[in-house]
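Just one chain follows, in the form predicted alone, and it is written as structure tokens.
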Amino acid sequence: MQVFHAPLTDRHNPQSFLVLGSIRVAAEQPERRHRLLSAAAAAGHDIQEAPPPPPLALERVHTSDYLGFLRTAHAEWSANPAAAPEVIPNLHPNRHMAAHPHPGTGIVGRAGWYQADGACPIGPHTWEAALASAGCAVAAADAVLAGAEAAYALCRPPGHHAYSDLAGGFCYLNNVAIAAEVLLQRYDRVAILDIDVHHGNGTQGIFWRRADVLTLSIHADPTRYYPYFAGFADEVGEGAGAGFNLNLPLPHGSGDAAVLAALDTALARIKDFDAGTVLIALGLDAADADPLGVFAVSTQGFETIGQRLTQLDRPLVLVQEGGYLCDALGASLAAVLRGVG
């Protein structure tokens, strides 16, 4: 399988992660790329360095104002000698503000507007790393358009919590949505199946009112888990998109049997939709050893997931989402890729 990565993504090295009121070093570290790449290389896959994405690929998903913010935020922030090393908002728009709030022009207000939480700090190289990460997703989509049966994008930072104009949960650019738009240049319909332990809220939001992209997410019950305010079973889309979003939240502690049963439900819906190609938002944080996860999927479970994905008999683009530093990380990826074949 072709595996696309970008060494430039190592330059994003976030240090701030707000957890229960405490600032910790972010779990989304450059070492993730190295472990995942080593596992893919050891398994004999075709390793390639991805080129930067064309600007139009980003603009099909993200607003120009938001892209401009990501591009310049750290420089504007750093112009204040009292500013911390990373852009971290301290105020967000809330439900009691004006009916039509606006971000203003100052960097502090714009940070609160474009960053959803305390898990998406912007450092000096975040923009270039996010851009390179999106390039991996575009390269994998291009490989499928060129005839590959499957391709894997080793994206970091990840992307599925990013909306068209909002960062969050370690995510800045929505890599899988960007890849979907590339594929839509050929296919009338595509499906995005998110199997990260966290709900793909940004992806859901981007395609919420569209019928050409079926979005599905298998994840831990968000009642007491990130992203908290999205990911429930009654969220099905609106307008033209009504019925084209499927959430399959599972109890915390779910293992292979529960996740695979939900996967079968999702695969049946994808077959009914008859997508021309399928993107997998590949979260490995469902692993039983993951430090941020609440599922208990085994290495064999991940291989079975890969095997069942091939039953769709459609080209597959696998886009890396979560999966954090633990001994199971590389093995989980190798297992999925082995299952896909």
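Keep in mind that this is a model prediction, so the values were computed, not measured. When you see a residue number, it is the position in the sequence shown, counting from 1.
There is another form of the same protein, the form predicted in complex with a further copy of the same chain; it is not shown, and what comes next is about it.
The partner is not drawn, yet in the predicted bound form one stretch among 160-168, 244-252, 188-196, 212-220 has residues with heavy atoms inside 4.5 Å of a further copy of the same chain: 160-168. Only one of L184, L145, A230, A258 lies close to a further copy of the same chain in the predicted bound form, with a heavy atom inside 4.5 Å, and it is A230. When a further copy of the same chain is considered in the predicted bound form, N80 lines it closely, a heavy atom lying within 4.5 Å. Proximity of I88 to a further copy of the same chain in the predicted bound form falls within the 4.5 Å heavy atom cutoff. Contact annotation: A84 falls within 4.5 Å of a further copy of the same chain in the predicted bound form, judged by heavy atom distances. Taking non-hydrogen atoms only, N201 approaches a further copy of the same chain to within 4.5 angstroms in the predicted bound form. Residues L18, V19, L20, G21, S22, I23, R24 are the members of 1-40 with a non-hydrogen atom no more than 4.5 angstroms from a further copy of the same chain in the predicted bound form.
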